[in-house]
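Next up: just one chain, as structure tokens, the form predicted on its own.
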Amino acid sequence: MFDNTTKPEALVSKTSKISTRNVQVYYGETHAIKDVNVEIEDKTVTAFIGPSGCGKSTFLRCINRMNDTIESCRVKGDIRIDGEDIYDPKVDPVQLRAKVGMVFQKPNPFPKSIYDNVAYGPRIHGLSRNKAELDGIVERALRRAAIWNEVKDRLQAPGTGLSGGQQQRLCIARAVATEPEVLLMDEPCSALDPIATAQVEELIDELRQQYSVVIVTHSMQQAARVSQRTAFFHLGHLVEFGDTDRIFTSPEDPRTESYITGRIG
């Protein structure tokens, strides 16, 4: 459990991929995120849970500087990936977002072919020298997203013509095509049916072999199924963070217990 008296040095972990210190986020005068200190490990699924409006998606968007696109938003504190300050003025947000992929709540394929959806990132980042290399990147990404066998014979068909679950897996393929190191997912299953949700959850478990995956979910059952570490947010505070099993079976903070048992939320 973290509180405002926790010393940041005590939170340092040698296996951390993402490290944050005293992160504050403001929307105008509204203080949305308050003093968040967290260490997110590599090759691990970390779930952010908490009631609607508690700050979990806002904090997620800090990790790839998506909040930069919101004029009234200010981010303070220290956020590092592999020890590098991602808010350093020398860091190009576009390059950062190639390293930190993101999948959104609703599947949002571009109005392009399946192939071009996946090839878009590698093209703008110059990751291939020729068509054969680009073909290889597209196939690898679609295989990683467990959708290759379903689309390999119709790569020139529009991505928007796929089912909801297929569209979301296409968006995951698009996110991993730039060879990111971190994959952020903001409620990736909330618009999907139970079968598509199960497919995406299975995929998340496979993706953690290669990436640090951070998922925001409103479903505690989903957090329990897919994550190894869980962070509970409430009213802008990170109330508790630890191994998923412990958070769900023996939480230390009464607010966590109240949320998990359904008394708040």
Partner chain sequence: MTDTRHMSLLVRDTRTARRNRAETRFRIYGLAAIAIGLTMLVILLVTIVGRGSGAFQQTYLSVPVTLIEAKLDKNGNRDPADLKKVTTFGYGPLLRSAFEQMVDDGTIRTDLPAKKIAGIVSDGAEAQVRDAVLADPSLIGQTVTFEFLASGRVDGYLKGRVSRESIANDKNISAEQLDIVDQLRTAGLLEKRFNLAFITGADASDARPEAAGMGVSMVGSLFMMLVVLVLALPIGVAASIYLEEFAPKNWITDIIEVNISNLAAVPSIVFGILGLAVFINYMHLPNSAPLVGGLVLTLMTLPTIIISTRASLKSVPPSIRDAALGVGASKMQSVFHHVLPLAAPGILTGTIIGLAQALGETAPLLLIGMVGFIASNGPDSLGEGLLSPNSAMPAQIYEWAKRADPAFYERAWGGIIILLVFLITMNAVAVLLRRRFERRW
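Residue numbers count along the first chain shown, from 1. Just so it is clear, the model here is predicted, and its values are computed rather than measured.
There is also a form predicted in complex with its partner chain; it is not shown, and the following applies to it.
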item	value
Option touching its partner chain, based on a heavy atom within 4.5 Å in the predicted bound form, out of L127, C73, A146, A191	L127
Single option in E179, D78, E139, E150 placed near its partner chain in the predicted bound form, where near means a heavy atom within 4.5 Å	E179
Its partner chain contact at Q210 in the predicted bound form, heavy atom, 4.5 Å	yes
V91: touches its partner chain in the predicted bound form, heavy atom cutoff 4.5 angstroms	yes
Q156 within 4.5 Å of its partner chain in the predicted bound form, heavy atoms	no
I86 within 4.5 Å of its partner chain in the predicted bound form, heavy atoms	yes
Check all three, Q221, R225 and R246, heavy atom within 4.5 Å of its partner chain in the predicted bound form	no
